[in-house]
Ligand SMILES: Cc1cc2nc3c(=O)[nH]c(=O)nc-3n(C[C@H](O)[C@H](O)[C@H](O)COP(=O)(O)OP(=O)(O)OC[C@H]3O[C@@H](n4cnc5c(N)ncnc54)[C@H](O)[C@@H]3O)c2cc1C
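Consider the single chain below, provided in structure tokens and representing the form predicted alone.
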Amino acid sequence: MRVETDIVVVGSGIAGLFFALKAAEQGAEVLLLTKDRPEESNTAYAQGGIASVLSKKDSFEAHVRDTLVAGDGLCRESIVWEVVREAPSVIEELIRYGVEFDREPAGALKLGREGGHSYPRIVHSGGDATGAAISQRLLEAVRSHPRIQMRYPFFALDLITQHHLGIYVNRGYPSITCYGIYALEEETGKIWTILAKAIVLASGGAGQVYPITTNPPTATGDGVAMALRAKARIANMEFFQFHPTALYEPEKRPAFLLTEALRGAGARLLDPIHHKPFMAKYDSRAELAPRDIVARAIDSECKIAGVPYVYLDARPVPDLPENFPTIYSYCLKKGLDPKHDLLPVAPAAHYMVGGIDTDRVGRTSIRQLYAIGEVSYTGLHGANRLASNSLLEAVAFAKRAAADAVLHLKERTHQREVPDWDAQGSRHPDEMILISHNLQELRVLMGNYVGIVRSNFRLERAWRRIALLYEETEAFYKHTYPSRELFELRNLIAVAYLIVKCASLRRESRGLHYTLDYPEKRREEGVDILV
């Protein structure tokens, strides 16, 4: 099956949906693909809100400063300034699409405070269901737009470049160009050749590479892996953010998140033995320190106590059932009453800070290929994402990328010489067993060796085991008909490789990358690790 369109978008989170709407409103025909239900994305799981300067007490300078401090010397400052200044208009646009943010009795937007922020500047919807609320409204707009087609479940297999025309392409090849994607229609097993004048990766993160994650099963690093195979430039993959407070439930995937806004509203972290506050001994900002600091502090307390969790005391939070209805309801179902009980929490893989390197409008190092949202590295987050800056980044860059892509559509043509996918190979009855075994092994080694605290010794062990998993999986791939499960494993192995490679090259501790071999930062200013 061959299809031509102006723009193809991979992913139905906030970035992909907002891009599709903006591009279609400017006259482009958009095909949006998602590998699961459109509602299933990291956006839908986001309890936190969107950061924006909306109070006279606050300022752009303060938001920029907080972002730079959290980013630990690695943010691209010009990008930070641009996005922070655009934040109020981002909120206004979402409101125009029907997103109902929480408001004070007098009608003003209700502003919360989270870790790393010096002022209340986080807007929420539904208390602790902001992502789901935004996703719902944007999906309604996308489904009703006549120039947007949405197809699912469609799994994007690979980007189409000059390589598929028989040309040897490496990272030194001048002007690598993306012509489209190959995608698997899961219901029929057919592989589509989709040609487009602009290709947009909005495929989200890769939390499934770790044994404990807040991410849904769809977060398997597909966009980064496809970009790596296409020889795109990837940046700073060693920075993977662990959210400090996921409810401790062994073996549950995804882990249930206890939003940072709880700590902003007064919740405190307590050690698991004496039930005493401990954050002040790690950072003067205590519970409101940036996430990398809080996660490492919890990791330290767990090791001191010899147990896999600490406690979150949410009893001081005012009007908890009203302000955090999702969390309150979930905890009650688990036999915990946050108004009376201490909540066991542990860090969980949450957000891929590194990603496909982009410029200020989402363009990658491959022509006609854009990356937006969590799959990208724009420089906004630096070495550690400030809470609630991610949804802001997704909308800001989706809007910029849409304007740029539409601007250049007239000068681009479809590359019709691209061949269809050579779908040789057969399915094996033992396929799922091999895939599940290798996936489990990958997650265990990433959790053991490439987690919150690292060392050269651990990274070397991880490298050797990832190499073996790669060889086994690629050998299997060569004689097996493509499936979503097999490609997700391949993609997660590629993500693991990138995390370990970048971590090995960063010979310092900075932001989310903490290594026992270089416990102190070696440079005043950070340097990007590009592969």
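Start at 1 and count along the sequence shown; that's the residue number. Note that the structure is a prediction, hence the values are computed from the model and not measured.
The form predicted together with this ligand is left out here; the points below concern that form.
Practice prompt. Report whether the minimum heavy atom distance between Ala20 and this ligand in the predicted complex is within 4.5 Å.
Written response: Contact check for Ala20: no, nothing within 4.5 Å of this ligand in the predicted complex.
Item to complete: Although this ligand is absent from this view, report whether Pro244 comes within 4.5 Å of it in the predicted complex, heavy atoms only.
Response: Close contact is absent here: in the predicted complex, Pro244 is far from this ligand, nothing within 4.5 Å, heavy atoms only.
Practice prompt. Considering only heavy atoms, tell me if Glu29 and this ligand come within 4.5 Å of each other in the predicted complex.
Written response: Outside the cut-off, so no.
Worksheet item: Though only this chain appears here, would Asp66 touch this ligand in the predicted complex if you measure heavy atom gaps against 4.5 Å?
Response: Flag for Asp66 set to no.
Practice prompt. Please state whether every one of the three residues Gly71, Trp81 and Thr358 places a non-hydrogen atom within 4.5 angstroms of this ligand in the predicted complex.
Written response: No, the whole trio is out of contact, none within 4.5 Å by any heavy atom.
Fill in: Listed range touching this ligand, judged in the predicted complex by heavy atoms within 4.5 Å, from 245 to 253, 305 to 313, 344 to 352, 170 to 178
This holds for exactly one stretch, 344 to 352.
Practice prompt. Note which of Thr218, Thr193, Ser125, Gln415 lies within 4.5 Å of this ligand in the predicted complex, where distance is taken over heavy atoms; exactly one does.
Written response: Contact residue from the list: Thr218.
Practice prompt. Name the residue from Ala402, Val209, Ala232, Leu391 that puts a heavy atom within 4.5 Å of this ligand in the predicted complex.
Written response: Residue within 4.5 Å of the partner: Leu391.
Worksheet item: For the stretch 140 to 165, which residues lie within 4.5 Å of this ligand in the predicted complex by non-hydrogen atom distance?
Response: Phe154, Phe155, Ala156, in sequence order.
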